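Shown next as structure tokens: one chain only, the form predicted on its own.
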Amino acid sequence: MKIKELAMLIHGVVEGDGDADVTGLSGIETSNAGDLIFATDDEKLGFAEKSGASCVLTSKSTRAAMKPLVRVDNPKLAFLLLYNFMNKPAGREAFTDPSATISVSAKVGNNVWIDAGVRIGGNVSIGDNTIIEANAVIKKNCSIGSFCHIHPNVTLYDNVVLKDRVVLHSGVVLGADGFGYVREKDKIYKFPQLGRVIIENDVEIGANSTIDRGSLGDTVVGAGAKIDNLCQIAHNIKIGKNFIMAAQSGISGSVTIKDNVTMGGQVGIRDNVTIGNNAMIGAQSGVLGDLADGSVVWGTPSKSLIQTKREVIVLGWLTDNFIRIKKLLKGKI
């Protein structure tokens, strides 16, 4: 496809030879003739000019270059859109491997792909164009929407609901019992776990992550959420739209997370707190209380990012100057 044709798809402005052909997309380091790459600033544009690529996606504020450019508001997003356009998944016809076990009461939509070793329980419904890969287990009364992709070895316990275009990577477990117990003297009693897990549209959940069903209500993950590998979401949690959760993070039970929240890796959130809209939580933070809308926090216990940075700087200064301070105080510390 010609550069000027690709530019029209992303509302870009061409500088240079718009009639040159683009045959693929690549990163700067691995690019060859015919590739389109992206550069978000002048420094990266310098590397791009030395590459073998035929065209560079860049922002409207970068300098001119020797290679053909396509200028857009957000080069990284434009690159993603072009990648999706050039790599549309091929349509699949309906297929069920002979080794799959499907209950007679299950309802399977059109063009559903069911791979080897899959087990589907009673009263399960599966929407059109969904892919279920090898050895996935879908227990009774689950509902799966259209265009979902369930990778190998995923387990859905009873009553799990997936809306449309949900992606579950290998090893995901949805709907296991929450960690709910009542201690009385020298005994521990398990509290009933009766709720569901509901995953809204366009959610992607990384490998070996787990989401527990609610105890009395439902655990809900809002539309557009992106959850990394090795994450744990406990029972009764309510998560809003466009949530981002990086690897090895965990959320305790009955937490409310509002829209557009971002969590770094290895974050822990205690139970029964509320995280406000647009909050950002730095890696390895421990959140012990509510966070207001727009909060930016870091550390354990989590504090505002500015306060935590101040404390780190002061602690470093005290460590470096401890002997001198001790001499000034004549050994009183």
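Numbering starts at 1 and follows the sequence shown. Treat the numbers as computed from the prediction; the structure is a model and nothing was measured. Between two forms, the rigid core is defined as the largest C-alpha subset superposing within 1.5 Å.
Separately, the form predicted together with another copy of the chain exists; it is not shown, and the next lines address it.
Trainee: In the predicted complex, which of 261 to 269, 51 to 59, 289 to 297, 64 to 72 comes within 4.5 Å of another copy of the chain (heavy atoms)?
Mentor: The contacting stretch is 261 to 269.
Trainee: Whether residue 311 contacts another copy of the chain in the predicted complex should be assessed with a 4.5 Å heavy atom distance threshold; does it?
Mentor: Answer yes; at least one heavy atom of residue 311 falls within 4.5 Å of another copy of the chain in the predicted complex.
Trainee: Can you check whether residue 186 is within 4.5 Å of another copy of the chain in the predicted complex, heavy atom basis?
Mentor: Taking the distances in the predicted complex, the answer for residue 186 is yes, it comes within 4.5 Å of another copy of the chain.
Trainee: Residue 40 versus another copy of the chain, in the predicted complex: is there a non-hydrogen atom within 4.5 Å?
Mentor: Because no heavy atom of residue 40 falls inside 4.5 Å of another copy of the chain in the predicted complex, the answer is no.
Trainee: Does the 4.5 Å heavy atom contact test between residue 326 and another copy of the chain in the predicted complex come out positive?
Mentor: Yes, residue 326 sits close enough to another copy of the chain in the predicted complex that at least one of its heavy atoms falls within 4.5 Å.
Trainee: Looking in the predicted complex, is another copy of the chain within 4.5 Å of a heavy atom from each of 145, 162 and 256?
Mentor: Result no, not one residue of the spot touches another copy of the chain.
Trainee: So which of 106, 86, 94, 244 reaches within 4.5 angstroms of another copy of the chain in the predicted complex, heavy atom to heavy atom?
Mentor: It is 244.
Trainee: Of 201, 210, 141, 129, which residue is found within 4.5 angstroms of another copy of the chain in the predicted complex when only non-hydrogen atoms are counted?
Mentor: Looking at the other structure, the residue within range turns out to be 210.
Trainee: Just to make sure I understand: among 308 to 325, which residues lie within 4.5 Å of another copy of the chain in the predicted complex, judging by heavy atoms?
Mentor: Result: 310, 311, 312, 314, 315, 316, 317, 318, 319, 320, 321, 322, 324, 325.
Trainee: When you overlay the rigid core, is the Cα of residue 325 off by 2 Å or more between this form and the one not shown?
Mentor: After core superposition, the C-alpha of residue 325 moves 2 Å or more between this form and the one not shown.
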